[in-house]
Structure formats: structure tokens, C-alpha cells
Ligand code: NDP
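This document opens with one chain alone, in C-alpha cells, the form predicted on its own.
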């Protein structure tokens, strides 16, 4: 059973002093979440494959007078385990710990019957949507344990909670993320300050949504900035002790 936090009101300094890593931070929900976390006091590590996009988010955070962000360009599609270990070593050197990890980066793939799904595309999508969250969480686990209150947030989807025809690798990767979140939550519940939850953003005005529903009027959908209350709740101290649960942003 998923939950929503529509009535929650994050206080301005909710994330003050926190270090939060966000994947897919160059645009869409990732960029909006990065700006919102910074606006609530967090030092945000912007991870994505396009440096130009990350720099634009960095500049927006700086122009608003929020804590200085950090940029870490990384292509999850081609990243090897050592790349994740190198990232964790950099975070340890620069910050000493990690308080939040938002797994936001995803690939949509194609809407295709499973029997006709391209095998190479399947592998690429699983590398970004499933292997990357596993490898990144694994690499950053000791950094998260150093926090007084750490939050891992996996991005889900309605088709990850109930499979639908033609959604193929995307839906399967999201269902696997839900299961992985539950396993991390169960394993980390005792004797660690780390919690894990999932969030389904729902229909949002993003480029990925436009690719999935090309005939849809984007003006009928909320902008990414309008769905972030639950993200802030789950990345902040007000959700301490909440773990292994599924949330909807809308």
C-alpha cells in the first residue's frame, strides 16, 4: 500500500547541514529535486552524464544563494564497479559522510512487447535503472552509515508496482527497484542509521513522459517543482524511522 504526504509542510531549514547525492540531476525531476534540497539547506552532489546540464543546475543553486553544490559527471550506462568506488572515495575525501541518496536517473527504453524487446537495449536499460542503484548504494553504504540519519530513496513507477503490457524492461527494472529497496530496508533496520524507501513521482511534465505519451498535452501535467514535498519529507529528518515503505509523490 503506497502512501502520500500531500499535507506535509517542509520547514525552510529542513535539510541544513545534510549532504545529498542525486543521480540524473541535470534535468527533469532530478534537477528540480536538487534545487529544492539546496533551497532547504542541503549541500547537493549533482551526478549526471551531461556536464553542461549539471553546470546549469549548479549555477541556479549558486545564484539563489544556497549552499554550494558539487558536480560529478558520470555516465551510468558505461560505469564499472571501480567508478562507483572512486565516487565514494571522492565523497569521503570532500565531505566525510553522506546523508541522502536519491536514485533518480532512469532510461525509458521502448514500449514494445516483451517477445520483441531488443536484447542490447534491455542490457543498457538494466545497467542504468537497476545495476546503477545497486552499485551506487553498495559503494556509498559506509558513508551513509556515518550519518546520524541517512535516507536512500529509490524512484519507482506505477508500472513497477503493477506490470502493464508493452512497458517491458522499464517496468521490470522498477519492480526490481521496489524489491531491492525492501531488502536494503530490512538489512539496514537493525544497528544502522540508514533507511530506504521508494517514491513513484506519477505523471509529471518531463521529457521522459513526453516520449512515453507523445499525444499527451504536457500542460495538463504538474511541473517537477510541484511534486517535491514527499521527496523532501523522505530525505529529511522528519521521516526518521520510516523505512521499507512505498510513497506516491501525487
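All of these numbers come straight from a predicted model, not from anything done at the bench. Numbering follows the first chain given and starts at 1.
The form predicted in complex with the named molecule exists for this protein as well; it is not shown, and the discussion that follows is about that form.
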* residue 140: heavy atom within 4.5 Å of the named molecule in the predicted complex? -> no
* Asked: Applying a 4.5 Å heavy atom distance criterion, does residue 92 contact the named molecule in the predicted complex?
  -> no
* To do: Evaluate residue 202 for contact with the named molecule in the predicted complex, applying a 4.5 angstroms cut-off between non-hydrogen atoms, and reply yes or no.
  => yes
* Find out whether any non-hydrogen atom of residue 116 is located within 4.5 angstroms of the named molecule in the predicted complex, and reply yes or no. => no
* To do: Verify the flagged residues 20, 195 and 233 against the named molecule in the predicted complex: is each one within 4.5 Å by a non-hydrogen atom?
  => no
* Based on heavy atom distances of at most 4.5 Å to the named molecule in the predicted complex, which listed stretch, 208-216, 62-70, 181-189, 33-41, is the contact stretch? -> 208-216
* To do: Have a look at 128, 171, 136, 153 for me and say which one sits with a heavy atom within 4.5 Å of the named molecule in the predicted complex.
  => 128
* Scan 111, 175, 74, 88 and let me know which has any heavy atom within 4.5 Å of the named molecule in the predicted complex. => 74
* **Those residues of 103-127 which, in the predicted complex, come within 4.5 Å of the named molecule by heavy atom** => 104, 105, 106, 107
